[in-house]
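Only one chain is included here, represented as structure tokens and corresponding to the form predicted alone.
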């Protein structure tokens, strides 16, 4: 069966759905395709369900810290109840999204999309022709060169666990492993993180990561650095994870082994047939987010080979560029703003801008203000001993080059620093802002 559209969108996450909706509102005929439930990674198996779980775990941690200071009694995380609560946010999404699109005339297709030529897509029994095509397929877990790969579970699986395994091994020391490890450990699981390098969470400030590792150890998470996982074996109901450490094979017994070793763009769409250039980093695009080899094709989100971070708000930002260029023929070029990143552990770890090392190598006249915050009122009132900030300033311009925050409220604080960097606000100007007190933001003046 053949059908033609003004626009075909492959992927139903934030980036793809934003483009589809905007073009539909302009009267375009639009089709949207996904081989998984409609809604995308963030809403169904990423940011949103993760934050629901994190919220409960955060309350639990704060309760533990202030026991004997006005609160008494036992408190436990019921994993099954937590999962049922999470489902209230995720389960309605696919049907609601599909219904809302169908109501306004956007056609929806479920299944694997592949290119037949430069403007035709095969999806099951359908052959769809698109005047324009937008690729928004996101990312997938990085394939690991280990044996027993079939025994690995993934982040999607973790977020669907009805019952928490007694022992979990996370492969890789990235943000997925640490976020899930902080949840599982507080819910009573024995947790190991196996990381092949000597520094986990490499994107983040090493001093603050070291402090987070102290907290991780305190709650029972065992982080094993320089442990290169070689493979996984099934042993009855258990799994044996084998890792190389100092030329020796170290074995770990687990009920569940979870992939946390990064993600890569999902580009298995027969792109060659569509004349769409790509690399290991994703779809190649020009500064209009348009394929240079097939101008009918645009791309947004984690599937891109650009400098943009693989984060949901970045995909949303990119979708605005693509919409403008689809509707007004190459009217906008992409200039990525500074973008914050947050690890939703407890405490949270956040960063924006330059690292200390990058600033030192930049030849700028820098000043680094690194402070422990546990004695400050904001953190002392909840007995939070793992709180820290590092602000990097250009002494010649008085502008912030980078900021790194660990602690409760780090996710909100980093947004203030992001605004300052993006708008070129100096530290002297930032000090003139009067914030509500007592709040975490009211500490910013003293962090500078």
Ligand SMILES: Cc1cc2nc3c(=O)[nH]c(=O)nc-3n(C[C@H](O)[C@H](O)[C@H](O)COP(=O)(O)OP(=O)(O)OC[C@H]3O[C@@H](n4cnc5c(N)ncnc54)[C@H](O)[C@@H]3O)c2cc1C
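Residue numbers count along the first chain shown, from 1. What you see is a predicted model, and the numbers here were worked out from it, not measured in a lab.
The following text describes the form predicted in complex with the named molecule, which does not appear among the structures shown.
With the named molecule left out of view, the stretch that reaches within 4.5 Å of it through heavy atoms in the model of the complex is, among 135-143, 75-83, 217-225, 286-294, 135-143. The closest non-hydrogen atom of residue 47 lies within 4.5 Å of the named molecule in the model of the complex. With a 4.5 Å cutoff on heavy atoms, residue 268 counts as touching the named molecule in the model of the complex. Although the partner is absent here, residue 364 is not a contact residue: none of its heavy atoms lies within 4.5 angstroms of the named molecule in the model of the complex. By the criterion of a heavy atom within 4.5 Å, residue 420 is excluded from the residues contacting the named molecule in the model of the complex. Checking 320, 313, 188, 197 for any heavy atom within 4.5 Å of the named molecule in the model of the complex turns up a single hit: 313.
For the options 33, 410, 400, 30, the one in contact with the named molecule in the model of the complex, meaning a heavy atom within 4.5 Å, is 33. Residues are counted as partner-facing when one of their heavy atoms sits within 4.5 Å of the named molecule in the model of the complex; in 172-209 these are 175, 176, 180, in sequence order.
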